[in-house]
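Form predicted alone, single chain, as structure tokens, below.
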């Protein structure tokens, strides 16, 4: 009996037919597929080399037109004297990080959104809360005031952009009047009304920007060109402006034509994510702020970067940027809890503002240019003048 068991157990080990089977299982398609893969890799490699060569040639052509630096031209311009800006109001009411804010065109009201899921409309003069909306999700990453001042838009991790009409009745239930306008396949990172209450522009973590009709919720135009999350956008200041700029995790700042949906200019000089973009008041240039701890100025007519605002001592990322009304100052909110004020022409830092107790996440200059407001992870907003 033991002998028999042993022989039964050994049978599987005596089977030597596997190599023969393998020979018959071998498909004639395998070498062909391998050849196709090699050819595909060679084609991709060739295309990448060709793309890099064309980029280098473009840079060389740009360099030929690059005759002088901005700070050299600005040497004859008088420097800015010492000026004092300090906190004039502190807006307290959010229970978590303030992520976004926007001014109303009346130069008095502010809308802010927070990680606590609340959207609050403030009177910036009295610091009173006029309206409060609780969103269905936390991390409300984007908010915007309509040009008429009669509505606010907001969104975040719910992937939607919702519009809430505002009324004089402060006790009215705004949530009941909510209108879902935009729907992305990933989080909403920024939103901005165009020059009317009827259209809204959004950017998203799905790598796209989109233009929507507010009334019908219909998609009017989509903008594809970023290779990663789009983090910010800004509309051209001209009333007839049909362009906007966006920045994202692919380190690119793209300028788009809203009518055609095409990217008309692209700038890739940052070394990390672009967190904020803002047009120069004239519309001929824009600034960007990045996690690489620099702010940069791009001239659209020269089609190139014309200035970098940085210091060796600044090692923290820039979360938000905005220009003064004249365009001479550039305000930057940083992750080291400070706000740096730069002389746009000379490229020097003219002031550093302290007050927030956590990173500055958002910053906007008021429509009349007399003050600016900053929002922070310390749960507060501050107005400075």
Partner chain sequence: MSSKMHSASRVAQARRMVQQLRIEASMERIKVSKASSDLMRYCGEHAKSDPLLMGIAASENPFKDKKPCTVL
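Residue numbers count along the first chain shown, from 1. For the two forms, the rigid core is made up of the largest set of C-alpha atoms that agree within 1.5 Å on superposition. Only a predicted model underlies this, so the values are computations on that prediction, with no experimental measurement involved.
Keep in mind that the form predicted in complex with the partner chain is not shown, yet the notes after this line are about it.
Contact check for residue 175: no non-hydrogen atom falls within 4.5 Å of the partner chain in the model of the complex.
Contact check for residue 314: every heavy atom lies farther than 4.5 Å from the partner chain in the model of the complex. The closest non-hydrogen atom of residue 285 lies within 4.5 Å of the partner chain in the model of the complex.
A residue is said to contact a partner when one of its heavy atoms sits within 4.5 Å of a partner heavy atom; residue 327 meets this definition for the partner chain in the model of the complex. Taking 129, 118, 89, 251 one by one, only a single residue has any non-hydrogen atom within 4.5 Å of the partner chain in the model of the complex, and it is 89. For the residues 297, 133, 181, 233, the 4.5 Å heavy atom test against the partner chain in the model of the complex is passed only by 297. Of the residues in 350 to 368, those that come within 4.5 Å of the partner chain in the model of the complex through at least one heavy atom are, in sequence order, 365, 368. Comparing the forms between the shown form and the other one on their rigid core, the Cα displacement of residue 42 reaches 2 Å or more.
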